[in-house]
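Take a look at this single chain in structure tokens; it is the form predicted on its own.
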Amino acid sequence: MEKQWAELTPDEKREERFKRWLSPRGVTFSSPEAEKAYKERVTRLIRALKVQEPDRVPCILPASNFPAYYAGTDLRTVMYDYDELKRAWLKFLHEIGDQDTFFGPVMVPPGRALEAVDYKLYKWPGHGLAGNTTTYQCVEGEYMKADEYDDLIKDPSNFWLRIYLPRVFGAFEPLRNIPPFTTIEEIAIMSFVPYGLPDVQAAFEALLKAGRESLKWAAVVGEVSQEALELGFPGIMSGLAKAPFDTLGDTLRGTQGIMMDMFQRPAKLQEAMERITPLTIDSALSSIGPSSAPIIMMPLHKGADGFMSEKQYETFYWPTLKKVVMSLVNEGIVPILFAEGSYNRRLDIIKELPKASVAWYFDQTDMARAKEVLGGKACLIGNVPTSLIMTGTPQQVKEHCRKLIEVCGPGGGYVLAGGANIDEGNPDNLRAMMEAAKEYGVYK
């Protein structure tokens, strides 16, 4: 008798998700060769994630917004012109050569949608930044006040809708005046009155406009990703999740606010993180499709060595992050934990996760030390310096990759990648990374 999903062990769930990723439903490959290449690439990635030896070391190219500049356009243009967005990413797909994975333009936000809601949390080229800027920028602020922890803890949805969103979306300012949905009872007429006010209706119209624009953008992103898939190039990420500490620190309290909270209101900070942990888990789980890569990317922003001590990391950052990670692992999902900055002083803490349950994507961490502590326990990803990829020669990039493979490759469980993504640079440096993986990363 076949087991129900809830009866499967975490390892069994992961194996089932890997099978679906390897043979995705509803995909018509462009040729038998494309299907064969797809299965080889996915198998290579799966074995690396399971800390086993594949045929060779896989490689993730750190392209980010690079396809726009490779195609002779720029970020500002592709944020508004979806035909150009599609052209640029498909040009990169077809011309850059063999790749183990392909990352579509999902991280290029639609500019008109952001404008429609007067988004204050970002600046982007031509909107707060110079038109030739190659990236967009998060604008930190104290969007949740120190005395509002109880409001967040009591009812997160109400807090987000009526307090937080009006602060980060200018168009949503009138939502402060609508009543909480939990106040609606059987005699509901008075609850509807605020929705008749012109400014409230304008707020919802702005939301509808952003939604319509986002659908146009999503359709183009989907077309690019589908073409890549049909040509045999798998995706490596199906969704995003954050450490609860980062959710509070990035976009609610801000770095200064949350660092002060660790000293001035540690109990409230802990309670708030525990409150949003299950929300983070549910959101991440809902983003995984039936045949998509069973991988959630988790960028870890404020856990780096320079942000807090080991004791603070173990007290405030790690416990709720670990709960999110283990909840995903228990559902057969592989979190890729992108340790931004340096994690040299975190390695002995993070090694406690179960074997082959996660992948650690390192930016500036000492990879030899990471291999020593985590080798055989977790897949390691990284960390060719961004500066080298952008300014070095192909031979310099290739030589650096060779050294990384020699250190991290033995025994399997290593994926060659950049420490972070690039926007502009020499495309031959990306090709050099793939060449290094093929030449130096073969397992005998």
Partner chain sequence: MSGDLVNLLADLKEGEVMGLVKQRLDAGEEPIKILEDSRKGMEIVGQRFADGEYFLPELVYSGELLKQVTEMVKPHLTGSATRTKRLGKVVIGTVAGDIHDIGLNIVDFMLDVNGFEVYNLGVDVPVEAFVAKMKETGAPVLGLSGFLTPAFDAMKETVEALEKAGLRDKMKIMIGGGQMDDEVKKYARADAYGKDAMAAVSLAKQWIGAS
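Quick caveat: nothing in here was measured; it's all calculated off a predicted structure. Positions refer to the first chain, counted from 1.
Beyond what is shown, the protein has a form predicted in complex with its partner chain; the following relates to that form.
Among the residues Lys145, Lys91, Arg112, Arg345, the one placing a heavy atom within 4.5 Å of its partner chain in the predicted complex is Arg345.
Interface residue among Ser191, Thr73, Thr134, Asn177 relative to its partner chain in the predicted complex, by the heavy atom within 4.5 Å criterion: Thr134.
In the predicted complex, its partner chain stays beyond 4.5 Å of every heavy atom belonging to Lys216. The closest non-hydrogen atom of Ala34 lies beyond 4.5 Å of its partner chain in the predicted complex. In the predicted complex, its partner chain sits within 4.5 Å of a heavy atom belonging to Asp423. Under a 4.5 angstroms non-hydrogen atom cutoff, its partner chain in the predicted complex has Lys123 among its neighbouring residues.
For a residue to qualify, one of its non-hydrogen atoms must sit within 4.5 Å of its partner chain in the predicted complex; none of Val27, Phe103 and Gly332 qualifies. Listed stretches are 374-382, 413-421, 39-47, 54-62; the contact stretch with its partner chain in the predicted complex is 413-421, by a heavy atom cutoff of 4.5 Å. Scanning 125-151 for heavy atoms within 4.5 Å of its partner chain in the predicted complex gives Gly128, Leu129, Thr133, Thr134, Thr135, Gln137, Cys138, Val139, Glu140 in sequence order.
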